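Presented below, as structure tokens, is a lone chain in the form predicted alone.
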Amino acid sequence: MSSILVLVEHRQGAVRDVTFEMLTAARKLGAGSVEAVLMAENCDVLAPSITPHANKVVCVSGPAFKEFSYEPYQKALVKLIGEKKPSAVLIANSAFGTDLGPSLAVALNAGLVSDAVAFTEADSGFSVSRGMYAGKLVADWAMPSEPAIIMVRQSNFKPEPASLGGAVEKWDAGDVASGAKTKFISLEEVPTTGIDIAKASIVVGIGRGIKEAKNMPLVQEFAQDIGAVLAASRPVVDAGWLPKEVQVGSSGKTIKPKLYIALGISGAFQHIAGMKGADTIIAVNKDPKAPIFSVAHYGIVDDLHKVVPALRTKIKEMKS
């Protein structure tokens, strides 16, 4: 396997976590070289945070890269990939990545796998796993030609520290702005509560078993007792009891906390796809056949309205 290129995703002057997740995944594939491609107005500012994680940082500076726009990115990448001839190019399966990845694959006449969740080494290189049919199954894809454009699911790989001390290579993309049919106007963030469940180490997820909105304080206070953030399955969000930004699952966020406590969540495959990467999973459900128990490390078969008060009492005893 030759080199793997990883496109650095950054926003408002900060490298996004998914970049380090992709670099970790790329290093484990045993490529000859892992090269991070950083495109920014002045990439010297961001490069030092990336050099420990790659064998090389390809630094592409210019006003065309001040904000993300797929056209200059695509023109630069087509030229760079033609020179580097990597085995694969990793791009985040994010809002930016989904704008760039498919069009880049078409421009290169290359294979594309989106929403990648795993890589497996094979005799001919590696295969890529992705969810199919809204997460009902996982399919393995082999790429018959190079390069492969792979869009990696966010929060699916755990970033690991590294000390590669990669060299910074300055690369000139040339004129990538002329002839563009689109332009960046502004970035408008959706108002949020400021809670990012993808970064929390302890998460309490609640599902249909909560029954009514009036029961929400019970789980909210329990989450506070253990220093957790509150998340939810889709029925709770659809009911309007918690905001969309804390929904876990294939139609929400993928999380990998140290501890995930699922309260009254049956465990539909869409929800499991978003939390099965947690280090420890504890499930509470009164149905012993609930699918959530298939991924839980510990389970309690009982009504959450009985279990949670008992847990709170025990926690208070331990604290006192």
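The model shown is predicted, which means the values in this text are computed figures rather than measured ones. For every residue, the number given is its place in the sequence shown, counted from 1.
Keep in mind that the form predicted together with a small molecule is missing from the display, and what follows is about it.
This chain lacks the partner; the member of 266, 61, 51, 69 within 4.5 angstroms of the small molecule in the predicted bound form by a non-hydrogen atom is 266. Just one of 38, 255, 284, 34 comes within 4.5 Å of the small molecule in the predicted bound form, counting any heavy atom, and that one is 284.
Within 4.5 Å of the small molecule in the predicted bound form, a heavy atom is found for not a single one of 3, 16 and 56. Interface membership of residue 158, defined by any non-hydrogen atom within 4.5 Å of the small molecule in the predicted bound form, is ruled out. Contact check for residue 312: no non-hydrogen atom falls within 4.5 Å of the small molecule in the predicted bound form. Among residues of the shown chain, residue 101 is not one whose heavy atoms approach the small molecule to within 4.5 Å in the predicted bound form.
Among heavy atoms of residue 270, some come within 4.5 Å of the small molecule in the predicted bound form. Of the stretches 26-34, 258-266, 61-69, 42-50, only 258-266 has residues with a heavy atom within 4.5 Å of the small molecule in the predicted bound form.
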